[in-house]
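Two forms of a single protein chain come next, each set out by itself as structure tokens; they are called structure 1 and structure 2.
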Structure 1
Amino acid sequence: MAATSEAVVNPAHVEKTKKAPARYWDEPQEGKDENKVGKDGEQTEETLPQKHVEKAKKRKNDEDRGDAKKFISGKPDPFPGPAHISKDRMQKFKRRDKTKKIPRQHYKLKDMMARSDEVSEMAQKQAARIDLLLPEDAGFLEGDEDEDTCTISQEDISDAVDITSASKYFDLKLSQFGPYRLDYSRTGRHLLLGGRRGHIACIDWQTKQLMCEINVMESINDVKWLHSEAMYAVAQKKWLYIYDSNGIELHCIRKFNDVLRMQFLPYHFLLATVSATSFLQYLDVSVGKEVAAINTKTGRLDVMCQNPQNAIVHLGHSNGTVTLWSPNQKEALVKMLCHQGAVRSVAVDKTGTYMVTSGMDKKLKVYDIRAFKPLKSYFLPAGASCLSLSQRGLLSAATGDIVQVYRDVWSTPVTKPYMAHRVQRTVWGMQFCPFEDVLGVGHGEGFTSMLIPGAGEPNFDGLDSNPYRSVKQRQEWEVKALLEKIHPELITLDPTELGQVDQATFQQKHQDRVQALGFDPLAKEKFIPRYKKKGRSSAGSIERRKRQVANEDLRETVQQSSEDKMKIEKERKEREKKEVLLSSKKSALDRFKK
């Protein structure tokens, strides 16, 4: 029988106490056996319930997985850090150069410019990474051996491609009200046709669905879509009219009379028009007000295009010059003598780098707008009456009833066209469709849609121009575009100037401030001694205090001048040392000296 002292008494259930919760500082000591009972009678892993042991192991595994930088599925990452991006791909999406370092005292501006550079670099890297995910590639028409692609007809192309692409080649016979001007919407989905004799038609050309068709009973000079396919502008015989997609007249703007050509600036919501009275006018379609009216004093204006990069308007004149205009100035920004005869057509590529012009001298010229210098010059036997550039850099030129498409006109000399097609009557209007390999041609017998492989951009930006957007998406995009509208005051020849820091010197700024205020705010105030009592403000003591302050100012000036003299003297001595070293060196030609 066991002794009374050795008897084990099982305590009652009510006497059991809960174990204190574990704390992060209660870690087991290393080097000791954790499977034995401690001195204070604490429970070990053997005595712990199985549930607690499993929870501890699970927590440890979760901590190991949580360190994603070092571990993947419990193992070290063999390729740590972000994936490498090639320099060529980064250069493709480069937005701007890094800003120059600014003086140290402008710490707030320096911090802001550093954050701007970081955001720009991050956007550049993201665009370069997403470039791998773009699904479509641009292709071109390739012929067999010893076969020119310009000899391939549109019928042969439509027979060789799929049904959807073949349906994009069609003719609209509208001989009664021609010739026709045309305009594609920014999404490339809708087509606007305007006949010389008053016929207007809006078409969803991919589904061949007619949106509206009216006759204004007046001659039409030009038609242009506005910010969306819900409204368009028509330059009629007298005034400028605005219609909606149902053909209902919304506005008649009598300030814009005798309009011949129009261009719409989508990011500024500006409709630029030129007239037979030599006026260039800008209309803000978001508020319906005239922004600027400029008298160019160059006669009748019927040649016009815009630079998509900086929203500068290019005008061609009868004296062979091309002028560049902004709504902020009454004079032309640039005047270029391009042809010996009148300018017939002007086109600018989407990057804003190259400009193509054609004139009455039967020449086709390519200019670099950055340097305003000619790059290439081609001679066309009959000249080009209408020019158009695609998103991928193809150039279409209309000569009478023949449409010719050229490839790489500014990089390599072109000897023959890429494609050619003959329409029924003289071409009056021509434009490439955005995001499609299609060229629309308006002529005297109606409209022709041509297939031009490699003309359109295969990948579109869904936040900017989405061809498949719904009505709700179009409404949301319109609201965002209005909120992000760029003011016309920001239209400049070089848009990168808006992001540069003004490097004017402090002296120039200080002089401007002095002229504006009428006094120098940084000038040292004249010392006036403070009045003291008990006879300490006598005339002698006041003069003595004034002299003491003047001596201190003079001491600072003398010290500064002496430091400058010492610096100049030190530079002079170093220069003399260098000259002595150079003169002491012997030359191989010294042996010829007498």
Structure 2
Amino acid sequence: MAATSEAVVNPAHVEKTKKAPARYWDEPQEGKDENKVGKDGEQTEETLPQKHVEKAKKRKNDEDRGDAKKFISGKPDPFPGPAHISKDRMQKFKRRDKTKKIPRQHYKLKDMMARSDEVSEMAQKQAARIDLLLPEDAGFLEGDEDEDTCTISQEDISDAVDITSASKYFDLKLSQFGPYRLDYSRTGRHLLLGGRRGHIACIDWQTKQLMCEINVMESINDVKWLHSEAMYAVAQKKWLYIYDSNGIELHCIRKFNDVLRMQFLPYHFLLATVSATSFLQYLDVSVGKEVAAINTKTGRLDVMCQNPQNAIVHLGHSNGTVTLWSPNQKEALVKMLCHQGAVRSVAVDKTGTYMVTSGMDKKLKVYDIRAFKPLKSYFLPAGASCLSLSQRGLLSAATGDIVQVYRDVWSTPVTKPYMAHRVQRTVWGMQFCPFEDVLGVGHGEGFTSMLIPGAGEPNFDGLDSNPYRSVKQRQEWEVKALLEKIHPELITLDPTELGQVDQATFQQKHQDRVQALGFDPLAKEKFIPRYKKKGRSSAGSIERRKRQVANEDLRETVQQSSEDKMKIEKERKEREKKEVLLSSKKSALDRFKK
């Protein structure tokens, strides 16, 4: 103890440069301290920390936090205030705009709206923050200089990646019962294969475990998983059948005949089917009832896809039109003429923004289906027979026996495919595996699983579709999902419509109320000037007082707009002044100016 105290007493004699350690009870000396810190480090880095401090200060001002928080050691916090959230990330989680200004008389409503705005902004910020913690990054493939990624073969990729990923590139040789249709379950763990000549196989494709394999001894048009991997639907020659994962026939649904294509709407528990007799039918698989049967009157239907964002079914027809259907209406919601010849395939992206179609006219077209406008049109020499979109927006198109994968088909004009691969025979079915960088291709010789880096969504949501869920978790999820099964009547083009104010009904109701009451309860009260004594209620003064409050709201808006204008004008002037100041530095050529 004694030795240490001595050392403290006379440090200056021993070493000049040594300084007493900073204590929190000492008066902090911000600027000096920082300089010291800079000098202690290497000379070359001197500027760096200072820059940092400046930046930090700037942010502090932005966030409007009070005085800088200091640590107990006396050092200032280099990153005061909450961390910055990038704008596009905030935009991603934006649910609604801020409420517009509410008139002053609705003070309770104003308070409520302010509070709810606050809460939603907090939720948005939190979600944006948590986005940073997501564990996985998306895959990618980059070629070397002047190497096209489309020339890189699957073998090269599987050699370059780790063993588990390499095992996801495989071929199943099933030449006997092909060609094959396929379907991945919603979690991406299970694969369902249906051969044209009656062969059905369920595979846990990552572990390569066969769940069941049967032959229905009939031709098969399409196969589809239902809500979980316990059941699947098979469209056979005549009827629609439902099997369980052990291959036991559960139902034969005779109401659904000659089904060619199927789509499953997972949140509605609806199986939508189209048939050779031009019927579009919806089956509620949770109760086993037919919800709607619509005669589309457009002939044989074999091109179908669903919009995952609003559960609208898109059908492609032989006259080049694509029609949009909901179970609530007997007519098509929208008819779009997309191609000169017949439509061969349709696909809609995950966000429900873009639709990609291919037709007999060998064109591949991209549409914005919110505005129903064509965005891009490409010409494929062979024409695409099958289209599929991945979760991250990669488009795979099959032309004969070649599978091509394109990137960014809607934003930039594409000239070259991202990847390409040739399978043994004509492609019959194709689908990207959810949450994996894998594309499954069913063809005449069996099934090929390809590696497409960057195709799958890297981070799944455990409560929605969890590839690693246990049986217990699946059961629990099933119960929850059934409880919040969306009623088929809620299928509309705009799924957010339910959360908006029904203005028309409100106006109607208000009108009825006015009729019943005999007066408008929401109308503004007419201003009646108070009676004042001492002759101040003469007709003239009453008129004057009336004029003072007349058109008050109008005046307010006018005032506001004029203030805004003034502000803009002022800003403009200041900017000009600055420019003048900047340009006022005399150059050598200024003397020639007149």
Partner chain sequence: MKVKVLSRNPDDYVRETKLDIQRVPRNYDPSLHPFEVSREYTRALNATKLERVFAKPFLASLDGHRDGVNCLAKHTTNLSTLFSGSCDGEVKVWNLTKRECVRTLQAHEGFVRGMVVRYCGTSFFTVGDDKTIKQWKIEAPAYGEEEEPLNTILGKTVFTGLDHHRKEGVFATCGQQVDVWDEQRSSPIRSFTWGVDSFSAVRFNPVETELLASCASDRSIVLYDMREPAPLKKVIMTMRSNTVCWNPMEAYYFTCSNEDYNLYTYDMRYLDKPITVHMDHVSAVLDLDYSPTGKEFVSASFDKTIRIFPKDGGHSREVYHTKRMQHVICIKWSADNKYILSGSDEMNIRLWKANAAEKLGVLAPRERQAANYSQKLKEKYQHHPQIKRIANHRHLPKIIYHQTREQRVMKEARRKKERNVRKHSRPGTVPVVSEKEKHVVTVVK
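Note that the structure is a prediction, hence the values are computed from the model and not measured. Residue positions are counted from 1 along structure 1's sequence. Rigid core (definition): largest C-alpha set, two forms, superposition within 1.5 Å.
- The form predicted on its own corresponds to structure 1; structure 2 is the other form.
- With a cut-off of 2 Å and the rigid core superposed, residue 123 has a Cα displacement that reaches or exceeds the cut-off between the two structures.
- In the core-superposed comparison between the two structures, residue 382 has its Cα shifted by less than 2 Å.
- Core-aligned CA deviation for residue 353 between the two structures: less than 2 Å.
- Overlaying the rigid core between the two structures leaves the Cα of residue 113 displaced by 7.2 angstrom.
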